[in-house]
Ligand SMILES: NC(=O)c1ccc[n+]([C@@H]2O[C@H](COP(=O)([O-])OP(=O)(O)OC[C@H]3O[C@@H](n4cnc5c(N)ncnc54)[C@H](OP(=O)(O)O)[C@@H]3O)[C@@H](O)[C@H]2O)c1
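A single chain comes next, written as structure tokens; it is the form predicted alone.
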Amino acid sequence: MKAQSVAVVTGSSSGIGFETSLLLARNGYHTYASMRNLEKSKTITEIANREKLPLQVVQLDVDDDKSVKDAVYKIESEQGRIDVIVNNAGYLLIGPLEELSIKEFKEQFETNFFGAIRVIKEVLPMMRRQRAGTIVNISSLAGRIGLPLNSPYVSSKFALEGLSESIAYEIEQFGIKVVLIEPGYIKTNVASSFKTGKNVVVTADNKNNSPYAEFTQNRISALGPRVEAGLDPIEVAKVILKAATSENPDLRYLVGNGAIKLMDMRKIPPMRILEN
């Protein structure tokens, strides 16, 4: 790795993005920790200042064309290059398909899928000129296997997987690598920050007519303990660093024993997998 290598991480205010930004900076990358809301930058800025890390916070909303263009222009103006981009920004929308709107599906894709496309399209010309670069897309185990109540999220991650595999063939001729990171359950704030559809019924009582109410309540109740028992996001960051510094990274990296175990069980009927 060159001393002046530059990395950009989207969704850096918490979780995987937060840990990845710090780890890349601690390993010599001039790191731009980007986030939509700069009011959430206090903690990462304090750590960077205390450790004297080469880390800057930059505003970047992956849903907004101008925001992406402005952020990439700022970084290119200051550094002249981007060596690693980590597309991490995203969120989880929960609900049974029947109770979710098309608008909510589109909003999920806008951030989780089209947000990554915006960033990739903006950095590709620079990476082509450099004849080098690594694009790291944060997918999920949910990019490989369906999960109940997660159809918008799962669909967006399946799409990201297909996108990544396709463009990998297109841009390898320019020395640009594409990597997919596929974590299982990670101990982040997802259990408290997920969104539910406007018309999703989340309480199983006799006052509503939703046929999914009990199932939805049970699955949401189980989410917190599963996340709490999940892998620390620093472990995902370590895999991202490994991929970013590799001359020949793999296309896919499953992260966590749980994710690996579930993929090994892929031939079992879906409902049986989820009961284990």
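Residue positions are given as counts along the sequence shown, with the first one as 1. This is a predicted model, so every value here is computed, not measured.
What comes next is about the form predicted together with the ligand, which does not appear here.
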inquiry  = Since only the chain is shown here, I'm wondering whether residue 193 would be in contact with the ligand in the model of the complex (any heavy atom pair within 4.5 Å).
reply    = yes
request  = Look up in the model of the complex whether residue 153 has a non-hydrogen atom within 4.5 angstroms of the ligand, and give yes or no.
outcome  = yes
query = If you check in the model of the complex, is residue 70 within 4.5 Å of the ligand, heavy atoms only?
reply = no
query = Taking heavy atoms only, is residue 15 within 4.5 angstroms of the ligand in the model of the complex?
reply = yes
key: Candidate stretches 243-251, 61-69, 209-217, 42-50 - the one whose heavy atoms come within 4.5 Å of the ligand in the model of the complex   = 61-69
query = Given that the ligand is left out here, which of 203, 199, 189, 166 has a heavy atom within 4.5 Å of it in the model of the complex?
reply = 189
ask   = Taking the ligand in the model of the complex as the reference, which of 93, 89, 180, 82 has a non-hydrogen atom within 4.5 Å?
value = 89
key: Those residues of 139-168 which, in the model of the complex, come within 4.5 Å of the ligand by heavy atom   = 139, 140, 153, 157
